[in-house]
Each structure stands twice: as structure tokens, then as C-alpha cells.
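We begin with a single chain expressed as C-alpha cells, specifically the form predicted alone.
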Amino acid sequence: MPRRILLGPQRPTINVDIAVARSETGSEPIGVISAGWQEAEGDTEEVQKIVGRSLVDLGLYRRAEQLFAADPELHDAYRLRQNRLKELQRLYRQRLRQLMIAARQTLRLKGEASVIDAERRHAISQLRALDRHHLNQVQKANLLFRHTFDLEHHDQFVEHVAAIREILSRCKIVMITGGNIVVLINRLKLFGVDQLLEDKDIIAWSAGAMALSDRIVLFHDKLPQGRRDPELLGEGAGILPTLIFLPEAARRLRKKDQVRAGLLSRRFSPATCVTLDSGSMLLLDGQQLTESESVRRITWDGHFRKLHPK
């Protein structure tokens, strides 16, 4: 089965070289997806020195920019979709705020368990219903864009996909870097690369790890302008659907707020919310967790427990 190795940010602790050594893939070139770096895509000289292997970047960000420059009509349709997605996210965030306040207040209530527990479950079910609605609206916007443009018969698009497939055919392992998760997942899905990775060994960190789940969750409890409720961005690649990855959790989450952390865990259950701080490493063979280093799972009662292989 393909091996997947998930890492935290590569600063201050670098462990991508250890991950490559653990991948046991020999000396063949490693495919790289660094679209999340945007204009810095392909700037992998430092990574190449660290891992000591030949790297071949798929150039997803660059390819998309070339497509848009060559076809203004396609670019306009893509930009219209992005604007629609931003508006959907804004409306979802407004509705989410009130439900999150109510759910946290309900979880903090004291009283008869038989009465309060039912209210807690209902408060969380309302959050899940809103998340499902938002995901459905995002899917509709994406389908509308695909139906507007028949990319499968777009000559330049077909050429790019063929070139991407050729690169991947030479690489048993693919590395997905961090960066902007919105740009990364958009480019993965634009070229259908998310589907091409299912049989590949993968090393991914930060946003790259987030992209492998079936749902991408944005989170940050410590923004300068105040706390931000965790929000569903949309679908990920779905390669590791039972996990939701939380990079830089030590910096971004208020771990001592057990109600807040517990709500995060319960809301996205049955998936497990796991932390990926710098120095963390998670190894899976297919869907089976085999090793875990400095990775924590968030429990329903808001504790951070070491993630153990089952």
C-alpha cells in the first residue's frame, strides 16, 4: 500500500529529510507540488539539498497562470467562481458565529445530565448541518464552473494534464509543501491531480497535509483581532478522510480552553482532529496508522492526547 508521511511546519525543526529516508523509495526523482508557495513555486533548491534527491516540480500554479493568460474567458469564469466562493464563505462565517456561541454556552451549562446532554447534542448537530450545507454550496459552485467550461476538450489544458501525468509516471513519491491552502487545493483540483495521487507515496507538511483530508478546516484562536471560529473551507483530496490536520496547533489553538477544543473535536467527528507542530511526524500505510511522533489528537472533552497506532 502507498505510504503517507505527514509533517508539521519545517521551521524551526526540519524533518523532511528523515521522512524521505523513511519512505524507502530508493533514488528515483521525487515529484513536488509547491503551488501553495504561489510565485515562489519551484524554489526547492534548499529542500533538494536537505533531502539529497532530485526533485521535479509539477508547476501547477505556473500552469494555471499560463492557462488564464492564454484564455481570458476561462480566467473570467474562474475568477467569477472564486468571487462566488468568497461570498459563500462570508455568509457561512456570519451564520456560524452565532451557532458557535450557542454551542459553547450549552457545553458550559451545569445541571441535570439527562436534560443538558440532549441540548448539547442538538447544538452540535446544528453546527454539522450548517457545515454540510456550506460544503454542498461550495460543491455546486465548483460544478457550475466545470459545466461552464469543458476543460477536458480544452487543448492547452489537456496538454498540461498530459505533462503532469508524465512527470508523475516517473515518480513513485510525491512531496506536497505548505503555503496557501486555498491556492494549493484549487490548483490540485483544477488539474485533477488529487485523483492522480491515490496510488502514490506522499510526504506532505502543513497546508500540504491539510489538503489530503476530505474536509479542510481553517482555524486560529489567537489572531490579533481576536479569536476566529474554526470553519470549513471545502473538500480536500480525500486521500486520508479519517483525519483532519491542524498545523501549528501549539501557536494557533488555545489548548487550555477545553470547551473550545472539545467542540472542535466533536463537531468534525468521526474524523479525528490531530495536531501537526514543527517536529511532528505521522506515518500511514494506506489508511492504517503505523507510527506517530509528537502528534496529539483532540478528545471530545477537550484534552490533547498522544496519537497511538491502533
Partner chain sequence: MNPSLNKLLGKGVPDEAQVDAFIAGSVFPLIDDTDVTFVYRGPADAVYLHCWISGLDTAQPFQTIAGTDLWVTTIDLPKGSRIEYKFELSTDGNRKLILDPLNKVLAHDPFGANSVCQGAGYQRPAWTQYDPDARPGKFENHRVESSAFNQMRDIQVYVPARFRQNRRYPLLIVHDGIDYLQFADLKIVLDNLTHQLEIPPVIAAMIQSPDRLKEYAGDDRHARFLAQDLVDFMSQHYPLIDTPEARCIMGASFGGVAALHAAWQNPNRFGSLLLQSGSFAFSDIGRHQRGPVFDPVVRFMNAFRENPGRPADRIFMSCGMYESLIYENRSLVPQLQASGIEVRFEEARDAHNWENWRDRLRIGLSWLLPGPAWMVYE
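Numbering follows the first chain given and starts at 1. Note that this is a predicted model, so its numbers are computed, not measured.
Another form, the form predicted in complex with the partner chain, is not on view; read the next lines as being about it.
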Although the partner chain is absent from this view, report whether residue 131 comes within 4.5 Å of it in the predicted complex, heavy atoms only.
no
Given that the partner is absent here, does residue 40 sit within 4.5 Å of the partner chain in the predicted complex, heavy atoms only?
yes
Could you confirm whether residue 219 comes within 4.5 Å of the partner chain in the predicted complex, counting heavy atoms only?
yes
Just to confirm, residue 116 within 4.5 Å of the partner chain in the predicted complex by heavy atoms?
no
Pick from 84, 120, 75, 228: which residue has any heavy atom within 4.5 angstroms of the partner chain in the predicted complex?
228
Establish, in the predicted complex, whether 11, 224 and 252 all lie within 4.5 Å of the partner chain, using non-hydrogen atoms for the distance.
yes
Within 4.5 Å of the partner chain in the predicted complex, counting heavy atoms only, one of 106-114, 155-163, 131-139, 171-179 shows up; tell me which.
171-179
